[in-house]
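Take a look at this one chain, the form predicted on its own, written out in structure tokens.
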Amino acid sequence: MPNTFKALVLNKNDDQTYSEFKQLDLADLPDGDVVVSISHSSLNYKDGLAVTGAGKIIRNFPFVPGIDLAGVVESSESEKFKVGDAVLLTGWGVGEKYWGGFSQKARLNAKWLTAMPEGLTPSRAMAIGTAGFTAMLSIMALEKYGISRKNGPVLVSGANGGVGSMAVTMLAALGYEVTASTGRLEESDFLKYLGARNIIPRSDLAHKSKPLEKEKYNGAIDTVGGQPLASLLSQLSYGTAVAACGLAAGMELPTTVFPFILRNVALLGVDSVMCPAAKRELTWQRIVEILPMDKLDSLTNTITFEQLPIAAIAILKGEIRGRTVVTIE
């Protein structure tokens, strides 16, 4: 295998982050016990922040971003993986603290890698990626709390985004009555195709709410945070919960304790980055069992490696629907 390969490398000049494609050598890669030849990655909102420099995601330069990757083991010093094994990676700080998947090769720690689930291609694994993985973790959090499809409507905020669209699709496949909140009402037909029964505009949750409003939802997955999450909390039915996994609308939560102590509502935090390996394997297996692959394909866009910098700008502008797979090789 050739030692040189292409990567998207971030650097900083006068406090401005810029990206460029560069030829690297295996010797340039950080330490690790497994080298992976990467065939596919994906573009997430966090990747958009990193590549454009719009968010303070990256602290050390030069840096290779990309929080998701899929490929084949090229060399291994670990007993867990051997040459030729198909693997994927999401989380663990890769693409944020450690060099990531926007590269034709990566040297990684074996504990970060997950064996490719049976029945998944690398392309579909990256179409799911961190977004689908986070969506399923959120669903599992609601299930663990006792929220079931028999309880009534469940809301998904940011429904046209990566996590939101995956959550809508899998909740519907499980038989939930899904209400989708979106800032792009022109995409309503597509959300209904994914399984949403009801569509509400983002503005319904974006306004400042009363501490308690009319009970409307029997559970929720919130992908945006900020005021929409506060409004959502005030509209949850007694004894229900919201799984919160995003902050695109802000990290502040302008609410009161009323939903928690007067309606017995729970706020369930969901983190996909440091999820333990055993839970990862279980979560990926559930995704494969539940997710309709035809719908996954319909919400997936595929771009070339070279199109990545432009797509990173588009995802921050809210111009990308669903999931974006990056073909690296």
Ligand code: NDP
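Start at 1 with the first residue shown and count on from there. Computed from a predicted model, the values in this text were never measured in an experiment.
The following text describes the form predicted together with this ligand, which does not appear among the structures shown.
When this ligand is considered in the predicted bound form, only one residue from 245, 125, 196, 236 comes within 4.5 Å through any heavy atom, namely 245.
Site annotation in the predicted bound form: the residue of 289, 31, 271, 294 reaching within 4.5 Å of this ligand with a heavy atom is 271. Heavy atoms within 4.5 Å of this ligand in the predicted bound form are found in exactly one of 216 to 224, 252 to 260, 141 to 149, 78 to 86, that being 216 to 224. Residues 45, 134 and 160 are all found to lie within 4.5 Å of this ligand in the predicted bound form, as judged by heavy atom distances.
Although the partner is absent here, residue 117 sits far enough away that none of its heavy atoms falls within 4.5 Å of this ligand in the predicted bound form.
Interface residue remark: residue 311 is not counted as part of the site for this ligand in the predicted bound form, having no heavy atom within 4.5 Å. In the predicted bound form, this ligand lies farther than 4.5 Å from every heavy atom of residue 192. This ligand in the predicted bound form is not approached by residue 107, whose heavy atoms all lie more than 4.5 angstroms from it. If you take 300 to 316 and check each residue for a heavy atom within 4.5 Å of this ligand in the predicted bound form, you get just 315.
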